[in-house]
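Below sits a lone chain in structure tokens, taken as the form predicted alone.
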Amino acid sequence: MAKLSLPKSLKVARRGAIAIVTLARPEKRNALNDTIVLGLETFFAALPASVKAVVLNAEGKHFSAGLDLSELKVLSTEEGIAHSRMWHGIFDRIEFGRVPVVTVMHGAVIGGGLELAAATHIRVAERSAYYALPEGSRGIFVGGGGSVRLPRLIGVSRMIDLMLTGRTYGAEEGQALGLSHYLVEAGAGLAKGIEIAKRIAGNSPSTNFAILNVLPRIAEQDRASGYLMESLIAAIAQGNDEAKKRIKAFLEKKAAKVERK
């Protein structure tokens, strides 16, 4: 990848078609601030076409302890709205971007850190991971899209409980509720994340794009509109030259069959 002007709190590496971006502020438990969030925007805006998937992880003992309250400024209502909307736009760029993002979580996945993870597509949790939304006890409210994304994962009532009581969920609870897709032992998260990202990178780019950008919108439509959108995308996808090549390889028994491993 070309050298980007990124903050010291973000590190980037490349493994073939996989880009690995690392939150690198362990002394602050990888607490998020505008510098990191704007750095993520720069990173995702400049992804070269040769990158097919991204792995997001973090240095130190924690994925992210949330918003860095030491940098929280007193803003007017208008300024506060603009600031929150800035985070929304950047997290939307991740969620509805060109490439799938696999997040590796360990230790604290709290507040804004959980909002960031929820904006990604596949989440791998190590057994040390724990989740919380302490905004209620801090006298603030989620502002990075958590009130939109998290109820879709765990339900409104569970999010209310998290915010009202300061409750935490452990890694096993988070796995059962859908906060993570994969649960692995301590230290095994990054290798698992890279393994998943490599498999994703082998998909047709047009299919990956449709899964990221069309599938979530179909899920929010009424049934009739959803069926129509599905038909349109299915027709577009199967008419793609890459799809024709892959189907031909399968019919000629040159592609692997789906098997339970």
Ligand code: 1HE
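Note that residue numbering begins at 1 and tracks the sequence as displayed. Since we're looking at a predicted model, the values are computed, not measured.
Not on display, but discussed next: the form predicted in complex with the ligand.
In plain terms, the part of the chain that comes close to the ligand in the predicted bound form, with a heavy atom within 4.5 Å, is 66-74 out of 66-74, 228-236, 208-216, 47-55.
If you check the ligand in the predicted bound form, you find no heavy atom from any of Ala117, Val148 and Gly155 within 4.5 Å.
Residue Arg138 is the only one of Arg138, Arg98, His181, Arg127 with a heavy atom lying within 4.5 Å of the ligand in the predicted bound form. The partner is absent here, but in the predicted bound form a heavy atom of Val142, alone among Ile90, Leu162, Leu190, Val142, sits within 4.5 Å of the ligand.
Remark: Lys28 counts among the residues lining the ligand in the predicted bound form, judged by a heavy atom distance of 4.5 Å or less. Proximity of Gly170 to the ligand in the predicted bound form falls outside the 4.5 Å heavy atom cutoff. Residue contact check for Ile94: none of its heavy atoms lie within 4.5 Å of the ligand in the predicted bound form. Proximity of Pro134 to the ligand in the predicted bound form falls within the 4.5 Å heavy atom cutoff.
Contacts between 107-125 and the ligand, taken as any heavy atom within 4.5 Å in the predicted bound form, involve Ala108, Ile110, Gly111, Gly112, Glu115.
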